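A single chain, nothing else alongside it, follows as C-alpha cells in the form predicted alone.
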C-alpha cells in the first residue's frame, strides 16, 4: 500500500468506532422512527403492524394538543436561551478579570450543570410549592409583594414559570464556561492596542470582545436552542404536563402518547416532526449567523 493510502486507512480505522456508534445510536433510531410512524405499531411482535401511510401525520396536524406542546416548546427555548446566554456572558466577563477565588466561583456556577435534573426538579417543586414554598414565603412574608400564596404549579397561567426559571438557572454555568474559554483565547495585545487608541470599556467589548466571540455565540445559540427544544425531565417531574395538559412540551406529549397510551406510531410521528424542526432551525442558525468577525 502507498504511504498516503496507509495514512487514510489508519485514519478510517480510528474513525470507525465512533461512526459505528453514531450509525447504531443516532441514524438507525431516526430511520426506524420514520418507519414506525407509517404504521399502527404494536409492541407485541406476534401481532402484525398495520400500514397506514401518512395517517399519523394527518392526525398529528389536526391535534390541538400537539400545537399546545409545540408552542410551549418554542416559548421555552425563546425565553430560556437568551437569559442563559446573557447571564452566562456577564458571569464569564466578571470571572475573566482575574478576581480572587475565581476557581471557587467557577465551581459554584457550574455545580447546577452537573446536578441531576431529577434532583433539581424535585427541589424546585418545593421552592414553588403553594404552602411552605420559599418563593411564596419571600414574596408574601418578606417583601409583601403578594397578599395570598400563588399556586405556581397548579394553575395554567403560572405553571410554566418555575420550569423557565429552572432551565435558566441550570444553564448559566455551561454558558459561562464556554464564554470564559472564548474570552481567554482573545489575545491581550488587542485590548492593549485599543486602550492606547483611547477605547473605553464599552468600545473594548463592542469592537474587540464581541466580534471575536462571534463563533462562540453561534455555537452557544445552536447548542442551547437544541437543548431548549429537548426539555423533558423538568416538565415531566414538576407538572407531568398539567394542569389540564397546559404545560406539555413535545417530548412529554410524545412520551405520553407512546408509553402511556401505547400509540407508538403516533409518538414516532411526533418524534419525526420534532427532529425535522430542530434540524432545520439549527441549520438556519448556523447559515445566517456564521460569518467572519471582520
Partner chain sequence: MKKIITSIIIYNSLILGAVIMCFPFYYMIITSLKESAYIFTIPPQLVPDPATLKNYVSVWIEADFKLYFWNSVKITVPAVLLNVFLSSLTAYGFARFKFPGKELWFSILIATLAVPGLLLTIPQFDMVRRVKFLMDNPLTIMLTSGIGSVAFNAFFLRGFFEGIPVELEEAAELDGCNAFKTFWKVAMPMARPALATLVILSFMGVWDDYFWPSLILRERSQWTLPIGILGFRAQHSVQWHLLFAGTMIAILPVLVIYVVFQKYFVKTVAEGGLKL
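Under this definition, the rigid core comprises the largest set of C-alpha atoms superposing within 1.5 Å between the forms. Note that the coordinates shown come from a computational prediction; the quantities given were computed from them, not determined experimentally. Positions refer to the first chain, counted from 1.
There is another form of the same protein, the form predicted in complex with the partner chain; it is not shown, and what comes next is about it.
Looking at 118-126, 190-198, 156-164, 74-82, the stretch with residues near the partner chain in the predicted bound form, meaning non-hydrogen atoms within 4.5 angstroms, turns out to be 118-126.
In the predicted bound form, the partner chain lies within 4.5 Å of some heavy atom of residue 259. Heavy atoms of residue 243 never reach within 4.5 Å of the partner chain in the predicted bound form, leaving it off the interface.
At least one heavy atom of residue 230 is located within 4.5 Å of the partner chain in the predicted bound form. Although the partner is absent here, residue 134 sits close enough that one of its heavy atoms falls within 4.5 Å of the partner chain in the predicted bound form. For the residues 146, 186, 218, 181, the 4.5 Å heavy atom test against the partner chain in the predicted bound form is passed only by 181.
Of the residues given (210, 94, 86, 139), 94 alone sits with a heavy atom within 4.5 Å of the partner chain in the predicted bound form. Along 161-200, a non-hydrogen atom within 4.5 Å of the partner chain in the predicted bound form is carried by 169, 172, 174, 177, 178, 181, in order along the sequence. With the core held fixed between the shown form and the other one, residue 259 has its Cα displaced by under 2 Å. When the rigid core is held fixed, the Cα atom of residue 233 travels less than 2 angstroms between the shown form and the other one.
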